[in-house]
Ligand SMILES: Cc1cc2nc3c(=O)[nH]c(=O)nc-3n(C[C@H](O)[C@H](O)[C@H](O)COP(=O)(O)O)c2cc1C
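Presented as structure tokens, the chain that follows is alone, the form predicted on its own.
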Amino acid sequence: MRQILLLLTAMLLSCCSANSELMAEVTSDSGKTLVVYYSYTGNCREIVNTLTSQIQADVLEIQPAEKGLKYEANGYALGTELLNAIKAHPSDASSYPAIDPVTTSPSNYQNIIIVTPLWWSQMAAIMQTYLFNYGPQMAGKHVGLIVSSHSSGISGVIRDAERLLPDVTWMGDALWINASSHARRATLVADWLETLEFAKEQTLNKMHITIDGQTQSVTLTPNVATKALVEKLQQSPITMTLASSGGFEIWGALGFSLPTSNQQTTAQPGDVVLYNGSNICLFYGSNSWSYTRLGKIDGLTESELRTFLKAGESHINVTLSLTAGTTAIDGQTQRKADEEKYYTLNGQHADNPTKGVFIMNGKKVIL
């Protein structure tokens, strides 16, 4: 009896170790992951619970705005009606059923896994609404798809996903979990995760400054302040009014505070720094003070900086933003883009690309 107990204990420890190793493999070198799901019968919720027991991820549940509807009643009449409305006018926002407001932005994640039920051989209308509304924020992200159905094949759901998410990088094949395999979902999910190509954590190293319609790039200094600033800019551009000061800078309030790592610094022309945690300074001259470095404006001489920064003026409208060509280039490997080269939407150099969507000279091009 003691030998049997020891054997069972060893098997349990081995299983736990295998699961721990899988989670470590998926999360240790991967970027942030978001799991988005809609569940009508509860099957997708169970799949998500299984999935998040094997990887580290944030979870977002999508809910219809109108509660208590029976989509399957009267021979699936309501569900079919919703799907037919989308199919008739897929580009019209009014064709999609309303969902509850969503505050989690997929733009903050490198990897997104969508878990959805199948309705009448198509993606559930509620999930289609979410992807129609928020799919543009997933451009360039690594996306995986899990589909739950009773018995129908999932090719129609895959087509819906590809239509609604034309600019993502699919991490691998979709996972199909049907009624007969739902009880084995833990093994199916574990095996599926091993096949996926998760995006690794990336350092966003570029921001853009726009003044009076003129835009210049800034190479960011990697620190806690620029990480927090990029997270702000991923939500939306930031516009502020700055003023010239001291004959060497324009400066003013950001409108929020950033974490600091101040040190005595002699700022040089082109430097962008944080002052007192909540003020930004853009230099066209030089000054010594305790600052947190944010970055440096690329490629302008001191004379060009004075012109670009409107030196001497007192009300200068400045916008900080991230752009499609620079938001996902690894800061350790790609400090300056070569205008004649193509890059994937994830910032990777593409040698002799022949088909797909790429970035060249800061703009999307389709080959």
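Because the structure is a prediction, the values reported are computed rather than measured. Heads up: residue numbers just count along the shown sequence, starting at 1.
The same protein has a further form, the form predicted together with the named molecule, not shown here; the description that follows concerns it.
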- Task: Go through 63, 321, 43, 50 and name the one with a heavy atom inside 4.5 Å of the named molecule in the model of the complex.
- Result: 43
- Using heavy atoms only and a 4.5 Å cut-off, determine which of 109, 291, 134, 119 is in contact with the named molecule in the model of the complex. 119
- Query: Is residue 248 a contact residue for the named molecule in the model of the complex, using a 4.5 Å heavy atom cut-off?
  - Reply: no
- Report whether the minimum heavy atom distance between residue 184 and the named molecule in the model of the complex is within 4.5 Å. no
- Item | Non-hydrogen atom contact residue 33 with the named molecule in the model of the complex at 4.5 angstroms | no
- Message: I'd like to know whether residue 87 contacts the named molecule in the model of the complex, with contact meaning heavy atoms within 4.5 angstroms.
- Response: no
- Item | Option from 126-134, 98-106, 227-235, 150-158 whose residues, in the model of the complex, bring a heavy atom within 4.5 Å of the named molecule | 150-158
- Does each of 39, 76 and 79 have at least one heavy atom within 4.5 Å of the named molecule in the model of the complex? yes
- Item | Residues in 80-97 close to the named molecule in the model of the complex, defined by a heavy atom within 4.5 Å, in order | none
